[in-house]
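Just the one chain here, the form predicted on its own, laid out as structure tokens.
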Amino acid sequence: MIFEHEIPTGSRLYFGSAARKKREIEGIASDILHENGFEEIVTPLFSYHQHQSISDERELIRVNDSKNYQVSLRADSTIDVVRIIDKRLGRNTVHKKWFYIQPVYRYPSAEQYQVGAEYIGESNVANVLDQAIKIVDRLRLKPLLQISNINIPKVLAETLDLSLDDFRHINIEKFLSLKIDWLDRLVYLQHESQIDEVMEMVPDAIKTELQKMKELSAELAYDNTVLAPLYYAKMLYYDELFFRMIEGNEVYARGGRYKNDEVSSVGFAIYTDTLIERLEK
């Protein structure tokens, strides 16, 4: 029996102080992004292209359109924003910096509010990560910033007896069991000050990707930063540097560099619901 006051598991209800916190987060983010040249966009609730963003298509909530083509509830905003700007609005605007404030949905009834930003045609992750830092700073939060590079797990999986699942599940025991000194150093690498010593030992392909991590960390000068070169992201589209902002087991934001139709862009998403819970406490 379903009572009249029940809402589906995973759906969101905001009232009182939680609703105020939600508006505060969205207002701060909107002000900062507008101040830094980002324009707002609201994308359709339904999409034909969500399978290009989500690694597990079973998470998509699907229906059919009037011509019986399959569409999905928006499960991720990034690819849709880039595709709409490039393919539909490209003749009407040359603007490349966009942000959105909207929810995404996952099967069976999970609802998650986000503030996101995309800088189309840009390759420097610092140009969006800096905006995410400004937003959490305005909220008086100081989460841990974790910087990673998805190319490092990919190179290691190709050259050593490892699979990407080993990196997805952070299989440290397997990494250490290979008894490779430079791989052990990568396992324990956390700080920018350690990179130069490790780069002297690793293969050239890894050295190049570590240098990118070092440069991003140095450019930001955020004093609560760690490096995680062996961390592997779950999103389909990251192709180089990416980051998470975390506190304990909670992820406040994530983003990075990605490609769509060979166009490099950078972006991030801030998870509004997680921030509301933190600020409410």
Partner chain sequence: MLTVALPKGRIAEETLEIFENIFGEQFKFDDRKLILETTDFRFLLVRNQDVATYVFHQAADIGVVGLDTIEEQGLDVIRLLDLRRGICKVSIGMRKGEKLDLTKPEIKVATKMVNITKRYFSERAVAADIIKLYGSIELAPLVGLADMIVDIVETGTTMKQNGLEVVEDIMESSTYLIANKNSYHEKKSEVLDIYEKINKVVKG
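All values reported here derive from a predicted model rather than from experimental measurement. Numbering follows the first chain given and starts at 1.
Omitted here: the form predicted in complex with the partner chain. The next part is about that form.
- For L89, no non-hydrogen atom is located within 4.5 Å of the partner chain in the predicted bound form, even though that partner is not displayed.
- The partner chain in the predicted bound form comes within 4.5 Å of no heavy atom belonging to K97.
- E59 falls outside the set of residues with a heavy atom inside 4.5 Å of the partner chain in the predicted bound form.
- In the predicted bound form, no heavy atom of E215 sits within 4.5 Å of the partner chain.
- Contact check for H169, V187 and I246: all three have a heavy atom within 4.5 Å of the partner chain in the predicted bound form.
- Only one of 50 to 58, 22 to 30, 37 to 45, 221 to 229 places residue heavy atoms within 4.5 angstroms of the partner chain in the predicted bound form, namely 221 to 229.
- Site annotation in the predicted bound form: the residue of M199, L144, L162, L73 reaching within 4.5 Å of the partner chain with a heavy atom is L144.
- For the options D181, E158, D137, E173, the residue carrying a heavy atom within 4.5 angstroms of the partner chain in the predicted bound form is E173.
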